[in-house]
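Only one chain is given next, in structure tokens, and it is the form predicted alone.
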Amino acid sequence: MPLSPGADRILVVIPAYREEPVIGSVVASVKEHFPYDVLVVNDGSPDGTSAAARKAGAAVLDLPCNLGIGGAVQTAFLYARERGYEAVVRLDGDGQHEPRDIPSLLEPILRGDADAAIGSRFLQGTGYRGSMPRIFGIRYFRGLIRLVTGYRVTDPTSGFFAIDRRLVDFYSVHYPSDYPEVDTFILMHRLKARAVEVPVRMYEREEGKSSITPFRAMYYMVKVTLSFLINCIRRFE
């Protein structure tokens, strides 16, 4: 069923850790182009991430310690649920995601055609080039997700997505605490949620460098595979 929420019923969520140099520009870009509320979840950053986000006009939740990406995003879902938002868009705070692609993610949600819209850097020749460990891991998880759930996805590790109220409510209680992107596909499958991919632009980090090394990539693949398979049989209340 199509949704018709006003701009004040859509929340843009940005988890952030040590993103003081860039978080302000990310928030400002969202607010420049859209009237949506913006929430930055400061995941225990010891720098000026929180102050920079507030200065740019975002609401900020300061976590007392570093929970990791899953805990930070789940905190945002709790915030969205309690305040009655009908749709949530999640993007990174490091400048890798293009805020102007937000309407593309929201469109299938607001039309009622999908419960989740995942941004893919591999559709329609966006030109993304990643490291060999990252690309190998993405291809591995493509196959695993398709085998277990039937979802045909090109970018299973994308953190740029939009979800509807039903998934917001569910994720506010059940959300993977560590490396959540792949696990969400089995959760959506268990809920019989409709998921689509839309092409989005992704860039290199504006500051710092990726922590993905061959060893970390292998560790990530083993850990996420185990978590994914556990969630296949886990009972959700």
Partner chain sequence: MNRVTVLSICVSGAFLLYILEMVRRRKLREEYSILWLFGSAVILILSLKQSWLDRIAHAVGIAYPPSFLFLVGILFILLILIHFSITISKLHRMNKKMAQEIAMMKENSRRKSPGGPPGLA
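Residue numbers count along the first chain shown, from 1. All figures in this text were calculated on a predicted structure; none of them were measured in a lab.
What follows is about the form predicted in complex with its partner chain, which we do not show.
Looking at 143-151, 75-83, 110-118, 93-101, the stretch with residues near its partner chain in the model of the complex, meaning non-hydrogen atoms within 4.5 angstroms, turns out to be 75-83. Think of it this way: in the model of the complex, its partner chain has a heavy atom of just one of L67, V196, A56, A193 within 4.5 Å, and the residue is L67. By the criterion of a heavy atom within 4.5 Å, L187 is excluded from the residues contacting its partner chain in the model of the complex. Residue contact with its partner chain in the model of the complex: D62 places a heavy atom within 4.5 Å of it. By the criterion of a heavy atom within 4.5 Å, G137 is excluded from the residues contacting its partner chain in the model of the complex. Although the partner is absent here, P156 is not a contact residue: none of its heavy atoms lies within 4.5 angstroms of its partner chain in the model of the complex.
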